[in-house]
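Heads up, the chain below is alone and in the form predicted alone; it's given as structure tokens.
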């Protein structure tokens, strides 16, 4: 997945990745899911996840009942329970789906053989494009974290710190190479994260300005490079 190919192509690849991840989740939970046709089960799981995110982002996951999910999705209560076992299990699978997507996309972006400046650009675009393609999941994860049990909350928080590490590692390498001028790469990465979150949490601001994800990525890269790139030493005039 190369963000440099543009968002449209990136989205196509993310859709394929989501299908692969749903298949993996099915295989991981095959003993619990009482549907043996793999293709049918994977397609149904994906639909269940999508409907859950849609309802939860409107009502809240805690307020959503399995009956709500059944009525919204058109899947009978009995059929739902053959997939999800319980709301807690449903939450676990949905969070797992997002974490797997983030890890794969960001790890691949970080592994590209690029100089530090272009790697930072790659990471920023990858993160923004992924949050655009999977906006309901990212919004859900951010808004619902406070309602998760302790284990799920710890996993969500660790996931956020892990995503910051991609940026801090890049900044650290760029500082060592003389590309960036950053005193504290970890703190700087933590400050970059809210700029990325603003895109998927408050997209209405940018829709009003007719700004799409590619334009936002361009503006963010320009803004950060103005702050981070090492400036050449000032020229000292020769003595008269």
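Residue numbers count along the first chain shown, from 1. Keep in mind it's a predicted model, so treat the numbers as computed, not measured.
Separately, the form predicted together with the DNA exists; it is not shown, and the next lines address it.
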Seminar exercise, completed: Among 193 to 201, 178 to 186, 45 to 53, 27 to 35, the stretch whose residues bring a heavy atom within 4.5 Å of the DNA in the predicted complex is 27 to 35
For this session: Tell me, yes or no, whether residue 147 is in contact with the DNA in the predicted complex, where a contact means a heavy atom of each within 4.5 Å.
Result: no
Problem set entry | 4.5 angstroms heavy atom contact with the DNA in the predicted complex for residue 86 | yes
Exercise. Taking heavy atoms and a 4.5 Å cut-off, does residue 157 contact the DNA in the predicted complex?
Worked result: no
For this session: Flag residue 64 as yes or no: does it have a non-hydrogen atom within 4.5 angstroms of any non-hydrogen atom of the DNA in the predicted complex?
Result: yes
Exercise. So which of 162, 77, 111, 143 reaches within 4.5 angstroms of the DNA in the predicted complex, heavy atom to heavy atom?
Worked result: 77
